[in-house]
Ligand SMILES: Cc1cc2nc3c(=O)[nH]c(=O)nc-3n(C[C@H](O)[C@H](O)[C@H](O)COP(=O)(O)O)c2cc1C
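First, one chain by itself in structure tokens, the form predicted on its own.
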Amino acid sequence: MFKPLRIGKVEVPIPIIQGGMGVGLSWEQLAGHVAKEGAIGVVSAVGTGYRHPNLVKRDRFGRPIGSVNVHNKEALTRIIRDAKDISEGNGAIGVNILAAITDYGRVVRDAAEAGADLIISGAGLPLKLPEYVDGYDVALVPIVSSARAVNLICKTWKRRYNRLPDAIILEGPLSGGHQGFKYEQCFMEEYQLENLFYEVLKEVKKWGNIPLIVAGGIWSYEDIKHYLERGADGVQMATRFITTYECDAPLIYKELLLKARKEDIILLKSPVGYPLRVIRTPFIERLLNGVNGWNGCVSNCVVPCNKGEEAKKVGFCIADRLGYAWLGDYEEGIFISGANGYRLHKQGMISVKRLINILTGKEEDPTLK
């Protein structure tokens, strides 16, 4: 049996964090059911206006207009509270908030006000994160990709706010979400999780008893054991949860992933300014063949995109394409997956409960046969 995971005042019996996946993969159903089983379920704060379109102002194509609508406060509040209801008081509910989004500080405060147990933040260095939760008792967990980032965050938080992170997530380059590496680095041996781990662990321990969570390619019970035995306190996993019945993703997303081969999952440059790993679909094929699929900026979803300038360069708006995926549009959507997503065909569709049993060694893992 694994040891419980404690992050600030949050303590859960299973040291697994379900990674935040937006738009629409991890909202109340997935996060709530993961927490119900005794782990940490994580809601994505990105694109919440798509979850509750009746609450937001949209254009004639259904796209939320502006950051206040695409990353909507009332929608996020409903999602968090619904997830907590589903959890029945078990586990914990976190919120993943990309540091790169427009209105970052406002969305962090929205999550704290809504009762999030912890806030996880990456895709940029969340150096000002503590100031946005002043007055709220919420654990703060930055995502890093190097020991240098750990040092910078801890030094800055200590000097400015007299606090340190409640935990740190080290994410390697095999994850689906936006990478903390340059495109070329994602394929280099020295930047793989296994080779970053000890240096980051050493730096984390310099700052005290801060839990270290590892992510980005963690797949099995054996992977979890491997890192826990070497000094990690927990793991974060995302892609494996997509083909659970409870995952908020549309059925077409799950079916697409169950059919994916290794060569169908590729790394792509994103308007967010970080590489993104996606499944080959008709839109991706057109994009790779030089077709620009940008249709103007409506949502102003991320700061690095500069109101559509970067989206125009790379050929797509990230909010639009993830929104299409959430709506089940196979032709136009972008469907994210971690590097190991092709292994899900052996898992098939299963419940969150069964997956947690597999990941804690209580049941045999069908993907390892």
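Everything numeric here is computed off the predicted structure, so don't read it as measured data. In this text, residue numbers run from 1 along the sequence as written.
If you look for the form predicted together with the ligand, you will not find it shown, but the lines that follow are about it.
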{"item": "Listed residue (Y227, F283, Y253, Y104) with a non-hydrogen atom within 4.5 angstroms of the ligand in the predicted bound form", "value": "Y253"}
{"item": "D248, D117, E171, D110 - the one with a heavy atom within 4.5 Å of the ligand in the predicted bound form", "value": "E171"}
{"item": "Residues G19, V46 and A238 all lining the ligand in the predicted bound form, heavy atom within 4.5 Å", "value": "yes"}
{"item": "Partner-facing stretch of 287-295, 79-87, 157-165, 217-225, counted where any non-hydrogen atom is within 4.5 angstroms of the ligand in the predicted bound form", "value": "217-225"}
{"item": "Contact test in the predicted bound form: G338 vs the ligand, heavy atoms, 4.5 Å", "value": "yes"}
{"item": "Contact of I143 with the ligand in the predicted bound form (heavy atom, 4.5 Å)", "value": "yes"}
{"item": "In the predicted bound form, L98 touching the ligand (heavy atom, 4.5 Å)", "value": "yes"}
{"item": "Residue contact check: L25 to the ligand in the predicted bound form, 4.5 Å heavy atom", "value": "yes"}
{"item": "Within 4.5 Å of the ligand in the predicted bound form: residues from 163-189 (heavy atom criterion)", "value": "E171, L174, S175, G176, G177"}
